[in-house]
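What follows is a single chain, given as structure tokens, in the form predicted on its own.
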């Protein structure tokens, strides 16, 4: 009954299936909303955060979605500034994913602040000496940029596009999109970097502390680099999931391979820099603070030396090598494995620099401080996932997100035999009507 709102030339599932999917995601979302209101009404005593863990699973989720949403600014930079035209077939979906990730990040921060009615304090009473102030400003501004980039997709809905003013507005917005892409890349460089700079300046936490280039710790640059490297992997992963659920190919393989190749080379260059940073930290920085490498790793299940191997080798070197190899990249299975490892790798990096930083003992009388989130924290962390699923479902159903979908999934016409049978039946019916004295129907 809503087929008039579908993009031209495409098919969608029945309304019943659509509402079933929305209901499942909506139930998870309501669970998250319950946890959210408990945190807002009763306070942060609903969480398991403490003096050790002032930054906990929320901040990890916040940093992870911001990194995964980096595919939006990097793909936009490649498409509009570097002029890689093939990426026009996936840029819409990258913008949608970026919009979801950054709105989720702001939602998580709104929960963490505890009093959303005072969120404007960040801007009006800004602490100009804090990198988190710059993060808040850049996050808000870049979310505004993503909103501007997402608006043309909404206005291209089949019915809205019939309005001449909206049609012309959308057309003109597409012409100036390079300005917003450049602005987004500029803003992303600073907020991604400052998120990495926060742990990098914690000289009281030797696990996170890094040497500086002027006033910027190495982690400042590594965070931006990793978001640009691994963000496209998340875009490709969600594209693959959408294709499997819809049962359609939505993006041509040459586009997927091109973005995977660029991501692969970015991962390789990033992981070389990350290895160099880790070696210098382990051999120079940590010993200068009185620590050996193994002091930062424990025999507990969460923070053994395996986590360093998993982040750098398994989820860094391996996916990078797969994605730069033409043969391995062309294989859908190995490519998917590399993409998934990349998504895990950048999420693991953010986990380490948020939670392991707090867990490592820094005093001789300290022990490892392990942290387990409360169900309210888990619910509010899962909430953005449910919200993202619903946004993708609605956007895919009603907006022209994938330009190549019509070409890749043509609606099959009736078989020739069936058309012939219909014409024969029509002629037979007309002859019968004439024989019974009734006038034959007028010809069009």
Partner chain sequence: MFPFSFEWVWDMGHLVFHGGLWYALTILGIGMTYCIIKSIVDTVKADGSDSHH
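Residue numbers count along the first chain shown, from 1. Predicted, not measured: the structure shown is a model, and the values here were computed from it.
This next part talks about the form predicted together with its partner chain, which is not shown.
Q. Pick from 341 to 349, 182 to 190, 255 to 263, 280 to 288: which stretch has non-hydrogen atoms within 4.5 Å of its partner chain in the predicted complex?
A. Contact criterion met by 182 to 190 only.
Q) From the list 106, 141, 317, 369, which entry has a heavy atom within 4.5 Å of its partner chain in the predicted complex? A) Selected residue: 141.
Q.
By the heavy atom within 4.5 Å rule, which residue out of 123, 82, 309, 203 makes contact with its partner chain in the predicted complex?
A. Looking at 123, 82, 309, 203 one by one, just 123 meets the 4.5 Å heavy-atom criterion.
Q. Every residue in 133, 145 and 172 with a non-hydrogen atom within 4.5 Å of its partner chain in the predicted complex?
A. Yes.
Q.
I'd like to know if residue 164 sits close to its partner chain in the predicted complex, meaning any non-hydrogen atom pair within 4.5 angstroms.
A. Residue 164: contacts its partner chain in the predicted complex.
(Q) Would you classify residue 168 as touching its partner chain in the predicted complex, given a 4.5 Å non-hydrogen atom cut-off? (A) Residue 168: yes, in contact with its partner chain in the predicted complex.
Q) Can any non-hydrogen atom of residue 137 be found within 4.5 angstroms of its partner chain in the predicted complex? A) Yes, residue 137 sits close enough to its partner chain in the predicted complex that at least one of its heavy atoms falls within 4.5 Å.
Q: Give a yes or no for residue 214: in the predicted complex, does one of its heavy atoms lie within 4.5 Å of a heavy atom belonging to its partner chain?
A: Contact check for residue 214: no, nothing within 4.5 Å of its partner chain in the predicted complex.
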